[in-house]
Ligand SMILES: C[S@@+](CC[C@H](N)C(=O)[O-])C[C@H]1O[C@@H](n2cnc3c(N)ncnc32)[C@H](O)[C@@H]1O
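Below you will find one chain, with nothing else, as structure tokens; this is the form predicted alone, and questions on how it binds or moves follow later.
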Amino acid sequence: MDWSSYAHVYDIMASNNPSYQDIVKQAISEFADIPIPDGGIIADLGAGTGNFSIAIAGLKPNAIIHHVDNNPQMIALAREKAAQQKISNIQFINSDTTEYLNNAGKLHAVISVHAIYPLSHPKEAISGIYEKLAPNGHLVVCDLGRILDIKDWAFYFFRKNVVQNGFLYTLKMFYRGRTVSAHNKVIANNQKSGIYWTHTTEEFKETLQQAGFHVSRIMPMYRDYSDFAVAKKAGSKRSSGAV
């Protein structure tokens, strides 16, 4: 994978994917209602090009945002975007999720979008997030749970963009986005082979509850391929969540 090319094309594809933009809007809406103390730390795990960490940094200017990603090209692009928007309350951390959680102090909130399912031990990572959250800390998470149907997504993306942007623009975007398509094929193959975690919405909810979270909202998103949840650390690790 040419990660440098992928990082630059990723934002083009994401900005023209209505289902992805729905996740952005929902996540930002949820964070607007989460109280964060001055100097509180919000971690964006698998933060990529910063579509969520930058928006949350603007929404919570008195918080410190940890933009965590293990790809230098993604971080470089996110840093550039933050500078352009004059966002200064982000710390960029080149690390994978497991390493970061092993070394992090207390967190006041965590967001993770499409970054838990490919981990070697995703359920343990969710438990690790719970342990690192301060009392009453929140998790806003969206995780890919169902196997990607590449043809289904191609048809959806093409149809939506022809309507919104025209046929020629869509063709050019498809050509530029071929590295993203190749990456998605790898994801689908890893899902089919069991390398990547797949789950139903109910299974995802149960995993959050088993980690100790109270789940206040959970629903399918991303055309029913992913599960979006808002959860809170409350009580002991044995407490169960509810919707």
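A residue's number is simply how far along the shown sequence it sits, counting from 1. Bear in mind the structure is a predicted one, so any value in this text is a computation, not a measurement.
The next section is about a form of this same protein that is not shown, the form predicted in complex with the ligand.
- Across the proposed site, G46, N51 and D69 without exception bring a heavy atom within 4.5 Å of the ligand in the predicted bound form.
- A single residue from the set S95, N89, T170, S127 has any heavy atom within 4.5 angstroms of the ligand in the predicted bound form; that residue is S95.
- Screening A78, V113, L101, L139 for any heavy atom within 4.5 Å of the ligand in the predicted bound form leaves a single hit, V113.
- Residues within 4.5 angstroms of the ligand in the predicted bound form, judged by any non-hydrogen atom, belong to 70 to 78 and to none of the other stretches in 128 to 136, 70 to 78, 154 to 162, 102 to 110.
- In the predicted bound form, Y10 approaches the ligand with a heavy atom inside 4.5 Å.
- Taking non-hydrogen atoms only, L148 never approaches the ligand to within 4.5 angstroms in the predicted bound form.
- The shortest heavy atom separation between P122 and the ligand in the predicted bound form exceeds 4.5 Å.
- Although the partner is absent from this view, Y20 contacts the ligand in the predicted bound form, with a non-hydrogen atom inside 4.5 angstroms.
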